[in-house]
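For reference, the chain that follows is the form predicted alone, supplied as C-alpha cells.
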Amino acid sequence: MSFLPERARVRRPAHRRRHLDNGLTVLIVEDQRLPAISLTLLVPAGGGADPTGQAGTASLVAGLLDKGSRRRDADSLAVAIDDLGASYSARAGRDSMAISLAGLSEDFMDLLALLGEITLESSFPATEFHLLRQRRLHALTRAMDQAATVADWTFSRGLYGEHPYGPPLSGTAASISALTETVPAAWHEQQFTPARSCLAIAGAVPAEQALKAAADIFERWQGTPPPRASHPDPAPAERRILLVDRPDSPQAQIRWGHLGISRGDPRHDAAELVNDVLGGGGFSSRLMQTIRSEKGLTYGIHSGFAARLHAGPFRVSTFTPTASVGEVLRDIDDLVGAFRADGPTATELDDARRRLVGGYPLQFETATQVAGQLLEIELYGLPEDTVESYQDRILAVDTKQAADLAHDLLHPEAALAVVVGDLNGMGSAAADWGNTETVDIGLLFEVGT
C-alpha cells in the first residue's frame, strides 16, 4: 500500500478545545446525528499514583465515587442515574482514571450536573468503604484460581518489582487490608485537580452551550496538581523464568516478554506496525501461523506493546498443554529472535500497513470514539496532528526502518517468562529454557495476610 485514497483518509476530527480559568481542559465533539450525549472526565492519576504499600487505592476510589456525595447517599445517586436512563462507569487504569456518564442529549444539563456531583463532591462513606474493601478482598482470593490472571500478575510483578506498574491494579490482600477509611478521600483530594484533567463532551449538544455549562459546573473546582511522580524504569534483569505450580492442570499459561516503550515515544506507532507482523495481526502473524496453525500447540497467541506514561511491557501471551511448554517457549524464542535479526518481509509489512491504515477510520465512527482518541492525546501530551498524520506515518515505514525497530525493541536475550501450570508435567522444560524460580503465589500477592 503506497498511497491512501482520499475517501479512506482520517482528517482532524472537528472539535472545540478550551481551558477554563482553573486549568481544566474541555473538549467538545458535536455530533447531531443521534440524540445522545456522552461525558467523560479524565484525571491523570491511576494505579501509578498509588502510595507505596497502598496498591489498589486508585481502583478503590473509582469504585467509591458513586457511593455517596455531600448531597445524596449511594441509593439516591443510583436512582438519579436510573431516572435519566443513563449509563455510568468509573475505571482506574495505570496512568489515569476515567469517569463517564452517557444518556440522551435532552438530559445534558442534568447529566453534566450529576457528573460534577459524583466526581467533585464524593463523600466516601465509611460503611461503603468497608463493604467495597471486603468485596475486593474476596475477589482477589477468587482471582488466585484463574491461571490467566495469575500469569498476568506474576509477569507484571516479575518485570516491574516495586515500581507502581508491578502490583495488580486492584492491589494485594495486604495492601487493601492496610487501607483505612480516610485514604480514599485523601487520595481524591490530592489527585483530583483541574489542571492536567480533561472533560470530554461528545454528542448532540451545541458546542457553545456545552462550553458554558462545563464552565458553570466545573470552574468552581480548585486545587493544585501534585508533582509528577518520578519512577525510573526498572533495570533490565537476567533472562529468567518464574514458575507457579498448579498440580494436575492439563494446560499451562505462558507469558514472555520484557520492558517496551512509553506512549510518548515517537516510535510507538511504528512499533505497533512491526508487532502486527510478529504477533498482533491475528491469524496472519508469525507467532500464530507457526505455533497455532502449523504446530497446533495453542488455540491462540498474541504479542503487543502496552505503552504507558512510563515504559510499558512488551508481552507474548498464550496457553498450551502442559507437555508442550518447552516447545512453545523455544518457538517463541526462535521466532522473536529471527524477527529481531531480519525484521518483516516486504509482503508482510505491506499487509500490516493495509490492516492498520485501512482499519483506522473505524476508530472514529462515533463522537464518543473521537473523544476517546482526543483524550489519549491530552493524557500523554501527544502532538496535535497525531490523528490526521497516523496513516501517513504508518505508510512511510519501510522494510529497513521496520527491521531496525525490531532489532532495537525486541530483546529475547533478556526475556522474562512466566509459566503457570503443573510443574511435574513439564519435566525439565523450564530449567532447559533458563534460570528458574518457583513462585509461591500466596506470598507474592500476600493472600491471607
Partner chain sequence: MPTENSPAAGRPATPFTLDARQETLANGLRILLLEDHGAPVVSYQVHFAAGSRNERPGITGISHLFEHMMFKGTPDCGPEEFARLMQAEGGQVNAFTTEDSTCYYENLPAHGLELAIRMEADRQAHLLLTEENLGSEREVVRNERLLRTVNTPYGEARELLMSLAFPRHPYGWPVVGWDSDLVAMSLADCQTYFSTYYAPNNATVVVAGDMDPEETLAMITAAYDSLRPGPPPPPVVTREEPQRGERRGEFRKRVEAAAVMAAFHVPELTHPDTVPLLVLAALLTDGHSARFHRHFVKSGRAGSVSASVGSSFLNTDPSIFRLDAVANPGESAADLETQLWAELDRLQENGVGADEVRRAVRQIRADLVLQARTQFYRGLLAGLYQVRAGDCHFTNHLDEAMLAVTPQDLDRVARTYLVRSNRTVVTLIPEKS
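Positions refer to the first chain, counted from 1. Note that the structure is predicted; figures quoted are calculated from it, not measured.
Quick note: we don't show the form predicted together with its partner chain, though the next part is all about it.
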> Only one of 305 to 313, 179 to 187, 236 to 244, 99 to 107 gets a heavy atom within 4.5 Å of its partner chain in the model of the complex; which is it?
Replying inline: 99 to 107
> Is there any non-hydrogen atom of residue 133 lying within 4.5 Å of its partner chain in the model of the complex?
Replying inline: no
>> Does any part of residue 163 reach within 4.5 Å of its partner chain in the model of the complex? Heavy atoms only, please.
In response: no
>> Is residue 34 near its partner chain? Define near as a heavy atom within 4.5 Å, in the model of the complex.
In response: yes
> Is the gap between residue 38 and its partner chain in the model of the complex 4.5 Å or less for some heavy atom pair?
Replying inline: yes
>> Can you work out which of 126, 341, 346, 362 has a heavy atom no more than 4.5 Å from its partner chain in the model of the complex?
In response: 362
> Which of these residues, 377, 297, 207, 229, gets a heavy atom within 4.5 Å of its partner chain in the model of the complex?
Replying inline: 297
>> Taking its partner chain in the model of the complex, would 115, 337 and 436 all count as contacting it (heavy atom within 4.5 Å)?
In response: no
>> Under the 4.5 Å heavy atom criterion, name the residues of 243 to 276 that approach its partner chain in the model of the complex, in sequence order.
In response: 246, 247, 248, 249, 250, 251, 253
